[in-house]
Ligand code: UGY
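In structure tokens, the next block holds one chain alone, the form predicted on its own.
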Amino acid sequence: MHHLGLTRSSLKPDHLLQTPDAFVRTPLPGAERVEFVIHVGPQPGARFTQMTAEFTADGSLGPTPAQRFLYVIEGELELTAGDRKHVLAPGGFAYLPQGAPHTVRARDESRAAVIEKPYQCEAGAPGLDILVGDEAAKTSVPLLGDEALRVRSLMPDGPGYDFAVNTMTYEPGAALSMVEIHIMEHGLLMLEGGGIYRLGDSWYPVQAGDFIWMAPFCPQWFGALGKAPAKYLIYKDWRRHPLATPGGSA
């Protein structure tokens, strides 16, 4: 059926809303039996890449020249890193430092969010370890004291880490307490529910499956709508001086 070019997707200089009806799949070098929806990368101005990897059974990721963060949405992934093997079920995640040898293979049909970013070194920062975890085991913390809006931090916060990944869950009717305008950029994948997102001077209905990129200083605000909680996975760059460049130090 033709929809006469209608879509909720929108690209503006400081933000992108990409909805599933506009997704285009592509292969990537080194990956086998995996298709990728590349949500954002350097081309529109992002300093990281975020993708959804769609695996068939026994599909595997190729290598990356950057740091890699994985979050399983559906299915199971088998991660081999160092001398250990891990099974990541939905909500399972892993952080692989830049240059860390590893393999990722799907046990069955699976989907995962994949975030990759060139590492920004910092003098004196400790070396980074491979991290594997489960979102459900992370403490849920109210945002600014609001019990209806809770955050789970999936990455450690320390001088060695140059980005953060969280999940945020909003009870129906919950909303951010302010319009945020800041230097960090975001990649955001809606996991559950929906609501209204303000990006720049535009207001968008959003729902599970949508992806949003927010450039630095893009005005942003979200409020949850409906009868079920809204939840998203969100990335931000972190702990680096504004004059720092990827691969260097401030």
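This is a predicted model, so every value here is computed, not measured. Counting begins at 1, following the sequence as shown.
One more form of this protein, predicted together with the ligand, exists but is not displayed; see below.
Novice: For the ligand, considered in the model of the complex: do all three of Leu176, His186 and Met214 come within 4.5 Å of it, counting heavy atoms only?
Specialist: Yes, because Leu176, His186 and Met214 each have a heavy atom that approaches the ligand to within 4.5 Å in the model of the complex.
Novice: Which one of Asp134, Glu78, Glu180, Glu122 is close to the ligand in the model of the complex, taking close to mean a heavy atom within 4.5 Å?
Specialist: Checking each option against the ligand in the model of the complex, the one that comes within 4.5 Å is Glu180.
Novice: Looking at Lys236, Lys12, Arg239, Lys231, which has any heavy atom no more than 4.5 Å from the ligand in the model of the complex?
Specialist: It is Lys236.
Novice: Just one of 166 to 174, 89 to 97, 104 to 112, 122 to 130 has residues with a heavy atom within 4.5 Å of the ligand in the model of the complex, so point it out.
Specialist: That would be 166 to 174.
Novice: Quick one: does Phe48 come within 4.5 Å of the ligand in the model of the complex, counting heavy atoms only?
Specialist: Judged by the heavy-atom cut-off of 4.5 Å, Phe48 is well away from the ligand in the model of the complex.
Novice: Are any of the heavy atoms in Gln67 no more than 4.5 Å from a heavy atom of the ligand in the model of the complex?
Specialist: Contact with the ligand, no.
Novice: Should Gln220 be counted as a contact of the ligand in the model of the complex, where contact means heavy atoms within 4.5 Å?
Specialist: Yes, Gln220 lies within 4.5 Å of the ligand in the model of the complex.
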